[in-house]
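Okay, here we've got a single chain as structure tokens, the form predicted on its own, with questions on binding and movement later.
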Amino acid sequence: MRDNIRAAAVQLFAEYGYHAAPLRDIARMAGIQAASIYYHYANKEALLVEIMETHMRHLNANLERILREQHDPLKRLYEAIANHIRLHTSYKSEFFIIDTEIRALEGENRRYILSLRDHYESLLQELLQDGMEQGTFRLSDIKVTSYAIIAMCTEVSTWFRPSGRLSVQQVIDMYSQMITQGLLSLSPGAQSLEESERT
């Protein structure tokens, strides 16, 4: 029953927004009386928090595993990009809700979900920092670079269609190539050429 309630909430929150989706409509879609929701969730905000927490924890756990199991910066980056794009295209509505409805949370709930997001950013920044220290990635502003990667990979979910001409794997490969080429450390000769072109 919790799964039915959560699925109905995801559909309505994504389609109409959190504030415009009343509990009675969620209950109707789940096939129960509105009052029965309170046996499973204290209120509508608790339902929103569970949706956000479930998928943010999944995103974070995968990236933690990648950092733990992989040590090559390029393999880490590829798998991090793949993780982000796969989850955002597989759970489009859930991550859309995470990205757009944090403003609906209050107090401790808001701080908690923001802490999960901050943790994800810190993991990606750790990956980038390590790659720079090893000399694989060029030195750059780690926070700005992490924000750019997250924004770029998140945007895939807004245009990707399973029935389209590209598969998820093809998109992952294309994005990985673009992002990696932008991060790779240049040889001294190429670095000098790049600097001379800017001056």
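Because the structure is a prediction, the values reported are computed rather than measured. Position 1 is the first residue in the sequence shown; the rest follow in order.
What comes next is about the form predicted in complex with the DNA, which is not displayed.
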Within 4.5 Å of the DNA in the predicted complex by heavy atoms, the stretch out of 50 to 58, 134 to 142, 166 to 174, 26 to 34 is 26 to 34
Q. Using 4.5 Å between non-hydrogen atoms, is Trp159 touching the DNA in the predicted complex?
A. no
Mark Ala21 yes when one of its heavy atoms lies within 4.5 Å of a heavy atom of the DNA in the predicted complex, and no otherwise. yes
